[in-house]
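Here you get one chain, nothing else, as structure tokens; it is the form predicted on its own.
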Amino acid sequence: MKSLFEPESIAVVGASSDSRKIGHIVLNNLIQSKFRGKLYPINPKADEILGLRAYPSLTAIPAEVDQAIVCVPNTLVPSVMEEAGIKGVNSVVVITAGFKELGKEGAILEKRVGEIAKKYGMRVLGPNCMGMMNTHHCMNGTFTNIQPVSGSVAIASQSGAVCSSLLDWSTATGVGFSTFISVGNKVDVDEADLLEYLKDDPNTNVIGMYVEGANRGRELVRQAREASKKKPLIILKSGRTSSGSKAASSHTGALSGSDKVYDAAFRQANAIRVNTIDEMFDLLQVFSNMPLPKGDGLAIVTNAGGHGVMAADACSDHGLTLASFEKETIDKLKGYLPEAANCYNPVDVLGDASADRYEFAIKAVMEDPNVSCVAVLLAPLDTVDISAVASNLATFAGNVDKPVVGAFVGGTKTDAGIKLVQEANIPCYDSPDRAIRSLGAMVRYRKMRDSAGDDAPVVMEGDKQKVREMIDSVLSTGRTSMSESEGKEILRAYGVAVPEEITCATAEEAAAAAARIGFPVVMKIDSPDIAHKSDVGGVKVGVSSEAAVKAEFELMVSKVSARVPGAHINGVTICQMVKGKEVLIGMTRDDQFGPVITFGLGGVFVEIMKDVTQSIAPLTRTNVDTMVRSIRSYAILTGARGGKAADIESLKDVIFRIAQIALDFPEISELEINPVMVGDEGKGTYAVDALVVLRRDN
């Protein structure tokens, strides 16, 4: 990867004397960026391009070539790759388009490019990308002439258009980039590879990524988690509302659409996910220029009470609290500010505030030990000198150990002031909410980083041989759905407690089984063809006599047969009735991230309430603790309003065991226990239902 980010020599294959050609633009950009290494234009029809000797091929260059940037037509790229491999080139940037984004033929061509790269051990960026920049290496190997200021922000984007927007934004705000990478189709190098390099790059303090999809989801989570321990990682993932989730048999599957999986992945990696490009701009600006806050106490200084109130309201939305000032701070403010000013938080310096009044108030609150960050708000009143306030605010750049941001709320009157503050490397926005949101993101990141928890996955033991035989037996019959009793056998094999139950073929057998288990009992239809039994009248709770069991048996079989014609019915299962709080534990298998574990409020209304959370297996103790605590109904488990606390530790144990089953058996595509009955503290947790769906390898 070093040859990609810090090449000692670059050959531009497809370099041209025609200023309209991409090969010309790339070579010219490398020259204009004052690349310190050797440059080799490759063009068999030219002797010299842009003052540099041209070569007919890579192999004709009499020296080693670290990196090749390819700008030739797509059909010629494989032959260039072969030549690069023979030459010993370490990395190749394929700017050329016309690969899998165009369909089947392009995908075949792209696959060939990847195979050649693998054969020779070359790293490849692209194809179909803009190239990359490293401002600290004086390298602009792209076909855009926007040269950003050198700085500490690393950007990677899967979209060329987003690349252009980010570059243009950087020149407008003065935010400096360390590296800028357009990943394109990701035939080889992807976001996980970039994070592995950037997390240790001394010139990068914050990483921003625009992601449309992941090729290696699990590796992306691993690298993102490692990177976020060292520096903030801000990710804009598009496609939030896409119907990417396929039809699923379980509630878990319906609740685990592709975007929810990405959400879980980024949350588990302690990455900050943003939903808009504006939000990404805002956060890159504050993280690149300001120190991290040591706490969540915010001080607001404003010349307009209304803006101060809006900022105070935004605190609760973004994880901040209004700091309570020390008496010394309040006395200091009262001794300087006019009598009509508000000396408590938010500090209102009044509409006629001078730059000096602003400066005094900012310094006073910044020195307060209860204040961890400061927001300076300004309304463009006729009585305020905006440029003077902006100039004064700019003096705090680089001189504070607490983050300070501005919000100059207006339009044409405030534009120049915002620009002046931003040029001094102090983040400045056009609304209170954007300012508070940015500070809130810093507080959130600091908390995530400092409480990252453990990285050791919890491993559970189970009877793998028994489960393997069961899965093979079911698949051999042509089925992919297991019956409830088969699913529960898998759970038992991994130590998950299941209520005593007996599956019966006749009403008489059912009555006898109920008498043996003890009344009251639960009756459930047993059929591999019915996922949600309660929806078709296949569940009856609290049956309290043998006569009632017999009557319900006949009624249930008749009702279900009528509602699901053709369903294979094994009989009716008589179950021990257990009490507890209903939750759901499930698993769906994502193509990129693997097993996704879902936990939340259970029962028949789970898809309506949607009080669930997800994590990607394998799970650590921190993962599971966070999952259990993060649902809205967690208070019910802890004994809200005088209720008894549930056996949360045994519940966590079941979550770990479900994750282990999913890891051990990739043939299981969906697994759900709904409901899971969590007994009172010390009473254990029981799997009352079990839905298991398998997939075939072919």
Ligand code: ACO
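Note that residue numbering follows the sequence shown and begins at 1. Keep in mind that this is a model prediction, so the values were computed, not measured.
Below: the form predicted in complex with acetyl coenzyme *A, not depicted.
Student: Wondering, does residue 76 line up within 4.5 Å of acetyl coenzyme *A in the predicted complex on heavy atoms?
Tutor: Output for residue 76 is yes: heavy atoms within 4.5 Å of acetyl coenzyme *A.
Student: Is residue 642 near acetyl coenzyme *A? Define near as a heavy atom within 4.5 Å, in the predicted complex.
Tutor: No.
Student: Contact between residue 21 and acetyl coenzyme *A in the predicted complex at 4.5 Å, heavy atoms?
Tutor: Residue 21: yes, in contact with acetyl coenzyme *A in the predicted complex.
Student: My question is simply whether residue 51 lines the interface with acetyl coenzyme *A in the predicted complex - judged by any non-hydrogen atom within 4.5 Å.
Tutor: Residue 51 lies outside the contact set for acetyl coenzyme *A.
Student: Taking 4.5 Å between heavy atoms as the contact cutoff, choose which of 660, 43, 29, 67 touches acetyl coenzyme *A in the predicted complex.
Tutor: The option sitting close enough to the partner is 43.
Student: Note which of 429, 325, 599, 143 lies within 4.5 Å of acetyl coenzyme *A in the predicted complex, where distance is taken over heavy atoms; exactly one does.
Tutor: That would be 143.
Student: Counting only heavy atoms and a 4.5 Å cutoff, which of 614-622, 211-219, 122-130, 512-520 contacts acetyl coenzyme *A in the predicted complex?
Tutor: So the stretch in question is 122-130.
Student: Taking acetyl coenzyme *A in the predicted complex, which residues of 78-96 have any heavy atom within 4.5 Å of it?
Tutor: Read in sequence order, the residues that approach acetyl coenzyme *A (within 4.5 Å, in the predicted complex) are 80, 95, 96.
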